[in-house]
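Shown next as structure tokens: one chain only, the form predicted on its own.
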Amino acid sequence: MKRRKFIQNASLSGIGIAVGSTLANCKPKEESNGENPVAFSSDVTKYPLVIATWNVPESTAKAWEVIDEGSSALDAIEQGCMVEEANEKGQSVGIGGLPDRDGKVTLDACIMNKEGNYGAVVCMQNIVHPISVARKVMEDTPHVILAGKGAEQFAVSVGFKREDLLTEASRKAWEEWKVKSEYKPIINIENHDTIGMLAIDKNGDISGGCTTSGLAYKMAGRVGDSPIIGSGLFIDNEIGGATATGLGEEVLKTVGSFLIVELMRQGRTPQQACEEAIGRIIKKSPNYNDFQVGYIAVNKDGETGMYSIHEHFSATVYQNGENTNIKSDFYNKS
């Protein structure tokens, strides 16, 4: 699972752009023959539920287990994200994440609870679970974001242990990259980069989280959308929540997750809101062939949506006792 594959040019060309109100008015897909991508929407029990970007059944299963035992959506988000952060084979989240161009693994994460409180860490090194540190920032400090060495020092002060996050596999990949040192973001059309997760617990309360090691071989100090409120993640317990994956710079420029929640506030379904948010990016970025962005969303009624620029984005949904990976619909069908 390599983030750099998510963001490279997938040789997509010859696309006729038709963006505007059409995307905003698209209806969520209701049926699928198993071949076509489809956005998931519940039709039995609305909640509890867990939805996460990409094919991460272990993460959603853990989050569901936490909720099923009676704990909060916030607890579920933390525990679910921690599963992928501890997965050394996943080279884009937590330990084993691909480093920046200087060989440093730096992690970003944020978390939001039902009250709208928020905590985040950016450019943090040597701590496996940034999602948990982000929660500590939210709950135990007067701040909402801690960065770099300050974030690491805070984590250690509240009991986290320093660990070397650069695994042998990621070190070798970095050494190979240094031969040419070409910085070419790559569209990952098959595997995850960022893990964004949304959950509704048995009380109907919503929380969300987002965690990543960022772009592979990025410039030191680069921060994407994942830890930034309103871009990588936004929760409003009265309305719903949304989270993003893909090229963070493009999500940041359109404040995508906040936009989706506000569109749902205005009456759009989660699917319609995700499609409109992708439409905003396409309209403002003529070079959208060269990058991928995907969104997932959930509303207070337990309805879900997902949409991306290019094919092969998916989300994992745990609802009604079933843990299912679902292909997302997408804009570029040329």
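Please read these numbers as outputs of a predicted model, since none were measured by experiment. Numbers follow the displayed sequence, beginning with 1.
Below, we refer to the form predicted together with a small molecule, which is not included among the displayed structures.
In summary, among the residues Gly119, Gly90, Gly240, Gly214, the only one with a non-hydrogen atom within 4.5 Å of the small molecule in the predicted complex is Gly214. Checking His129, Arg101, Lys136, Arg222 for any heavy atom within 4.5 Å of the small molecule in the predicted complex turns up a single hit: Arg222. Highlighted residues Gln271, Gly305 and Ser328: none comes within 4.5 Å of the small molecule in the predicted complex, counting any heavy atom.
Proximity of Gly248 to the small molecule in the predicted complex: non-hydrogen atoms within 4.5 Å are present. Using a 4.5 angstroms threshold between heavy atoms, Ser257 stays clear of the small molecule in the predicted complex.
With the partner omitted here, the stretch from 142 to 150, 82 to 90, 214 to 222, 156 to 164 that lies within 4.5 Å of the small molecule by heavy atoms in the predicted complex is 214 to 222.
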